[in-house]
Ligand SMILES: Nc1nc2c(c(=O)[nH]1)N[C@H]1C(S)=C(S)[C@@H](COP(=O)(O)OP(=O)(O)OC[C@H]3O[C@@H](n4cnc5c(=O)[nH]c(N)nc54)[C@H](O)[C@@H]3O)O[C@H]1N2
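Presented below, as C-alpha cells, is a lone chain in the form predicted alone.
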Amino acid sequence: MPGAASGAHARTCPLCEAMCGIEVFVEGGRVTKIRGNEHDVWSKGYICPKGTALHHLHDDPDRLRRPLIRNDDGSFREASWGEAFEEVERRLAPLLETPDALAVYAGNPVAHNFSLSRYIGAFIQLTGITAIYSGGTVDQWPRNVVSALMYGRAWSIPIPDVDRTDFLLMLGANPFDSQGSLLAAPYLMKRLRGIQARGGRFVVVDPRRTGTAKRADEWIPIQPGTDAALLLAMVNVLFADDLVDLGTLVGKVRGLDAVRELSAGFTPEAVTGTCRIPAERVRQLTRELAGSRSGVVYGRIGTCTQEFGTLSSWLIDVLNILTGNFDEVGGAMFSNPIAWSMLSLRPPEFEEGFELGRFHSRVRGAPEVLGQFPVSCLAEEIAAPGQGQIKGLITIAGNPVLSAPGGDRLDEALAQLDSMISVDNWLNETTRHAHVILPGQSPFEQAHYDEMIWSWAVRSAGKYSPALFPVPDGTVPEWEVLLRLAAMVQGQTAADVDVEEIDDFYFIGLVSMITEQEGSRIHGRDVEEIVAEHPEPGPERILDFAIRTGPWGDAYGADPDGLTLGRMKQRPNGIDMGPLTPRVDDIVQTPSGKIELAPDYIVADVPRLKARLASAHPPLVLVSRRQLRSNNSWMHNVASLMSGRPRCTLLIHPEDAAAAGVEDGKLGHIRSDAGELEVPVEVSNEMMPGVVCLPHGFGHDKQGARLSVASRHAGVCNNVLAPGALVDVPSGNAVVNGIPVIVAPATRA
C-alpha cells in the first residue's frame, strides 16, 4: 500500500470517546501538522491537545517496530517475526497441559484500536482461557453489572441526551479534562454551555472543584464514596413528595415497590452526615430534577471506582426512570449506532439471564463478575504456589503495573512468571517483564472506525479513516497476531498456523449467529451467500458486516440504498443519521421482558450502605484525577504534552495542609494501609476539606522500561496507595477513590 499523498487527510482521533475529526497534514511521507477538521460531521473542528500530538506517537523513537525477545540477563534483542513466534511457542508449550496456568490481561487501549477491538473477543473465545483480567475492573464494571441485570445487556449503557436536556446532574465526571466517559460527545463542555444557553442548568457533585465544576451553575462537594447514599435519599424524596412519574415506562418496569421500601430509611436527614450535604439541599436538588421539563442524571468513573460503585450506578438509572427521564428526549437514552458493536452480542451462557459469582478466585475467593475477577487478584494468583497457580500471562495493550491497585505487588509477581507474552508498542513498566513483545501498528498505520464507542454516542453516526502509511514490510498486523497466539494456545505450532482459515472460521460463525437471530435484518438468509461477499480476511469485513446489518445498512440487497463500508469510505468526514430516539423496547432482554428496577443481586448490597451511615469519616481520604494533557499512562512519552509545570502533585485543601504541616511546592509524605509515597504538595481550595487528590498513570521510574520522555517526568503511582482487596462488593471493581490516608511532611528535602 502506498503512503499518503502530500496534503490534508481526514481522520478520526483514536485516543478517547470523543472521536474527534482531525486533519492530518502530510509532506514528504511525514506528518507535519494536525488540526481539528471543521468539515467533520461529528466534532465540527473541535480537538484537544492530545489529538494535536497524535503524530508524536507514530514518530516516537521509543515505539517498537520489531519484536523483542528477552535475553537470559534481562536485556532485550530485536528479532524477526518468525523467530518471535517460535519463541512464543517455546514459552507456551510447557503451560498447555495445565490450562489454568495461563491468564490474559487486556488494557484500555484495546477499545480504541481498529484491529484489537474486533478480535479480542475472538482471541478469548478461541483460546478457551478463563482467567481474564482487564482495565474494566478498575474503570466501569459497576456500570456493566447494572446494565446486565436491569436490561439484560451488559454493554447497553444509557447516556444523557445532553444536546436536548434542560437540567443535568453530573457526579464523578470531569469532561473539562477527559471529555465524556461511557459518553461519546465531542466538545462536551460546549454542549454543557448549551444547556445554560437554553435557560437550563447543570450541577456538579464532586469532592473537587474541577474545571467542569467551576463552569457549572452549582458545585456540590460530597464526601468520596457516599454518592449512593445521596442518590438513595433523592429516591426517598421522590416517593415522600409524590414526585414519581414513570411516564412512557408504565407497564415496562418491575420492582417499583421494592425500591420504595429500600429508600424508606434513607431520608435526607439520615444521610447528611455521611455525604456532608445539607438535607434541605438534597430535597431541593431532587425537586429540581423532578420538576425540569427534561432532566437527566449522569455519573461516571468517580461513581464507579468507590466502595458503593454498583449501588451508585444503579441509583443513577433508578432516578432517571422514576422522574420520567428515561428513554425520553433530553433524558437518559440508548444510542443506535450505524455499525453495531461485537460487545452487543450477548454471550450464549447468559441467554437465560445473567448469573454472577459462578466461580471464585483461587487465593482470595473473589467471585467472578461477568467473566472476570478483580484485576488486583492477578498478583496473588501469580505469587501464591499451588494447584491453579498462574505461570503464564498474555498482556494486550495494557500497563497494569501502573494502572492496577497494588501495582507494586504485581510488578514483583510478574518477575516470577515462566512465560509472559505482550502485544504492545512500548517497552513499559509492565512489558519489561515479558519474554516476548509483539508490537502493533501506530494509529496512522491502520484504518480506524471505533468499534464499541458509537454504542454510547449522542447521535447516530459513524466515520471511517483509511490507513495513512503502509505497514512496514514483514510486519504482522495486530488482528493476525491475536489469531496466531490463539492458535498456539490451542497447541498449534507457529509454522502450522493458517490465519486466514481461522479468520474464515470465526467470520462464518459470526454470520451464522446473526442470520439465526430473530429480528435480525438478515434473519434466515444464506450464510454462504453473505460470506462470499467478503473474500478478504481481517477487521474490515467485520466492520462492513456490522454496517450492512445495522439499522441503516443495505442488509445485503434488501435495501439497495442502504449503507455499506464502501459508501462510508466515500464520506471521509462521516455520516450523521440524526439524534437519539426512544428504543427501550429494542434494548431490554431480561427474562421478564421488563426493566428490572430492583435486581436482587444489586439490592442485596443496600444493607452494607445502611451500615455505612453509622460510620465516622476518616480524617483524610484520597481520590484520583485525570488531566487534559494525559491519557492514563500511555501519553506520558510525548514531549509536547509533558512540557510545563509538573502535574503529578498532591492537591490538598489549605486547612488540611496546615493541620498536616505540609507546604505548597514542598514534598509531602502520604501513607495508606497499602503503601506510602513522597510527592510534591499543591495547596488548593479546589479540594473540599478532608480530601486529597493524586493524578492517575504516573510512576515511570522502573528500571528496564524504555520511555525516555516519561522517565524524565516519572512522578509517583497513586495505585501504590490502593489496597488491592478493597473493591466494590457486587462488581469487584477497584476502589481508588475514598481511600483513608495520612499526610505529613516528607523525610527528605
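Residue numbers run from 1 along the displayed sequence. It should be emphasised that the depicted structure is a prediction, and the values quoted were computed from it without experimental measurement.
There is also a form predicted in complex with the named molecule; it is not shown, and the following applies to it.
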>> Which residue, V363, L613, L628, V603, is the contact with the named molecule in the model of the complex, using a 4.5 Å heavy atom cutoff?
In response: L628
> Considering W426, Y506, F202, F545, which brings a non-hydrogen atom within 4.5 Å of the named molecule in the model of the complex?
Replying inline: W426
>> Which is the contacting stretch out of 245 to 253, 280 to 288, 655 to 663, 206 to 214, given heavy atoms within 4.5 Å of the named molecule in the model of the complex?
In response: 206 to 214
> Even though the named molecule is not shown here, does D327 get within 4.5 Å of it in the model of the complex, heavy atoms only?
Replying inline: no
> With the cut-off set at 4.5 Å between non-hydrogen atoms, does S181 touch the named molecule in the model of the complex?
Replying inline: yes
>> Can you work out whether T127 and the named molecule are in contact in the model of the complex, taking contact to mean some heavy atom pair no more than 4.5 Å apart?
In response: no
> Taking the shortest heavy atom distance, is I394 within 4.5 Å of the named molecule in the model of the complex?
Replying inline: no
> Are N113, S633 and N718 jointly within 4.5 Å of the named molecule in the model of the complex, each by at least one heavy atom?
Replying inline: yes
> Out of 90 to 124, which residues reach within 4.5 Å of the named molecule in the model of the complex, heavy atoms considered?
Replying inline: Y105, G107, N108, P109, N113, L116
